[in-house]
Each structure stands twice: as structure tokens, then as C-alpha cells.
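One chain follows as C-alpha cells, the form predicted on its own.
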Amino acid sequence: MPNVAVIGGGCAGLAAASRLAEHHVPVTLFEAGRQLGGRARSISWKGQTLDNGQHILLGAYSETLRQIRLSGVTEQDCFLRLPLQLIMQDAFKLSACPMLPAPLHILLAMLTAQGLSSGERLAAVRFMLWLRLKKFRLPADLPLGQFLSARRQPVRLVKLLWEPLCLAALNTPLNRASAQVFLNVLRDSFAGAKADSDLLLPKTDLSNLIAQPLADYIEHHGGRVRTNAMISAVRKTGTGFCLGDADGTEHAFSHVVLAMSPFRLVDLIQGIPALGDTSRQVAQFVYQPIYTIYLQFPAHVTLPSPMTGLADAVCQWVFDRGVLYGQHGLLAVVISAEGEHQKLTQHDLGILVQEELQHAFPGLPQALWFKVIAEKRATFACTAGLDRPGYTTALPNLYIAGDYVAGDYPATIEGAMRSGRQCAEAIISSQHQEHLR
């Protein structure tokens, strides 16, 4: 029976450890910080619980939903599930038709989208039909902006539909983002089952939605979860691996899953010659920020929709946390990818965001307070042709899990969950094969 160490308590590490625990494989999860969840975690501020990033999930996120169900959390209790609806305030509205099957519900939504000309609507439909014909596969990856131009997508359609979706999904500017990865997201959300295109808006903070329930599941099924447990060294031994922690204690394991962020992975494996290629792949990554700005207004303040996009603004999406979380009067604004907003102080950015909201929603009063949460290296830049490491390594029984590992998805919760499960399945499969010998 293997004895597995999972280093890193974000979504990838939790997914790997929970899958191993589900199959009764002894597993210990080490998290360097005091809190699990990685980017899917919460903080306390002014008596409110805030996520360190406002996340949107899709109905196509099958592994995330499986993990949530596994941990005993009920979808109806933790998500507001809405048929696809994209609203750009005073500029654009696209709503999936609930009466039609997939993919007609999306095609009709594009044909009836408000704020587009008839030519722009037809261009969107032709584009989706062409993608289905090509099975959402390109002969070679290229920047998304270049690809959309080659497919003759109108500038205004790109601005109101494709670019906001790109920023939300890939957190990478349009002129650098991977067209193939973007098409993977479109394939799974727009071209599959009808429910796959649904928006899943969390109704509770991410610590209570993902991290703590999965940690409880792991421990209830025989695994161990250790926080404030920094692993500073990994060394190959004759029978497995030796892990050294910050106080000099060593731990022996047969298998190891490295599930930390890519920039921390480089630091940990740089002294392992066999992992030189992996180290070089990860070292080439550049990173993109995500800013989340919370603004507390008087409790009576509500928005017309739980989620609204803003065109021609620094703010990209605004969420009504009163509708979603019962935090009345609290709005969350998300700004994905790099931009001029990074040059502002947090105070000046908060003021600018408030002014943009008051312009978009006339009559909005002054905020009582605001809080800026800046994740400077929130995700890797999902650029065209990026060489991402695989989950296996040159060392047998040593695996890598994370949203940056090679796969169909960009840096999302779903990408992390899939990666973690992939590593766990490889360990489970290898043990099954051992038993058959």
C-alpha cells in the first residue's frame, strides 16, 4: 500500500488528497500556510467574510461539482445556478433560451442578443457553427485576437462578447491569450449539454464551499491534513522520497504530489537534477493579476442583476453579494489581467471603481468602505503555444498537480481539480497493476 504526500493545500492538492482518501490510500496533505484553499479562500474584513477573489463557475465544471458533492456539500445550498446570461450594462445582453435544447439555446441567444447589429449577430453564429464543424480544434495555436480577426469577427462583437469571456476564463489579454485554450472552454460550456453553459455563482465563501469540506472529508476517510507545515526539501531515496520541513524533521513517503503554485515549485525542485526540464518549463511562466474590490454600501442597495459587466470601464464585472451571499449592500468588482489600474494606489483604485459604479448605476450612494484585494500573481499567463509541464515527471512516483499543468483548461478551479484527480488516479492505477502482478 502506498503512503502518499501531497504538498500544497489549494484546489489541486485537495482534489488529489480527497480522491486518494476516497480509495482508502494513506495520504498526508501539507499546507505551508494556516489556511487551505489557495486562491479559493476567504478573509475577514469589517465584520464580513470576503473571498480573496470573486469566482464564477460553469455547469461544465464536472470535476469541481463532483468534489463538492463528495465532500457532502449540496449544490442547491451553495450555488445560484442561472441559465447563461451575459449583461454588459447599457451595451449588450445575451440570454440563453431555456426552452430550447443545446446548442440551439446558445445559437438563438446570439441571434437575439441585444446591443448587436444583425451583421454582428450572424457573425457570432457563423463562428460557433464553424467551430463545431472543426470540433473546436485548431491545426496550430495562435493568439486569440489574431484568430478572431482571421475569422472576421467584428470589432464590436469582440469587445462586448469574446474579450470579456477571454479575460474571465483565461485571465490573459486578448492579443496574447491562447486561442486553443479559449476554444476548449467554449467547447465544454457552449457545445455540450444544456446545463454545461449555466453560470454557477457561489452563495457562500469559498473556504466553506470547497476547502474546509474537502479537508474534513480527507480526515474522515483516514487521511491527514497539516497546516502551517512548510516542506522545504524533497529528496529521492531508495524506497521513495524524504521530505524535510522547516524545523528539520524528515518524513518518508512512497509517492509525492507537488501541488503548490508554479513559482514555489521552481524553488522546491531546483536542487533535483532529474527535474531540470520541468523546472525550465515552469521558470518561463509569466503571471497575470486579478484585483477584487469590495465596496460596502447601505444595506438597501441592490443591483438589477447578480452579475453585470461594464463596458468602456476599468471595472469588468460587478457582483451583488447581497443577492448571492446575503451580505446586503456589498458589491464585489473584478478586474482581470494586466492594465493601467496596476499603476494606481489601492486607495485611488477604490475611488475610481466607486466612480465607475456610480456612473453605471445612477443613484448609487457613497460607499461606506472599500477593500482592495490584489493577487499580483493570480494565474500564469495562458498564452498561445505555452509549453506547460505534464503531471508525470522524470522521477517515478513523483507527480505535479496544479491549474498550470498541461491540459485543456486555463488557470481555473476546474483545471486545478482535474489535475489533482489525474495525479491521484495515476497512483491508484499503478497500485492496482501491482496487485495484478
Ligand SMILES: Cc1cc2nc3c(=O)[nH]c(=O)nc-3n(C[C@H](O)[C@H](O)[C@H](O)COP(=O)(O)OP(=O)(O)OC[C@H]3O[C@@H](n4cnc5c(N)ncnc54)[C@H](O)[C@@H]3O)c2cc1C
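Fair warning: this is a prediction, and the values are worked out from it, not measured in the lab. Sequential numbering from 1, following the sequence displayed.
Beyond the structure shown, there is the form predicted in complex with the ligand, which is absent from this document and is the topic of what follows.
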item	value
Segment assignment from 373-381, 65-73, 42-50, 391-399: heavy atom within 4.5 Å of the ligand in the predicted bound form	373-381
A5 within 4.5 Å of the ligand in the predicted bound form, heavy atoms	no
Touches the ligand in the predicted bound form: A411 (any heavy atom, 4.5 Å)	yes
Contact flag, C11 vs the ligand in the predicted bound form, heavy atom cut 4.5 Å	yes
Proximity of A229 to the ligand in the predicted bound form, heavy atoms at 4.5 Å	yes
Contact residue in the predicted bound form, from R176, K159, R264, K93 (heavy atom within 4.5 Å of the ligand)	R264
Residues of 24-63 having any heavy atom within 4.5 Å of the ligand in the predicted bound form, listed in sequence order	F30, E31, A32, G33, G37, G38, R39, A40, N52, G53, Q54, H55, I56, Y61
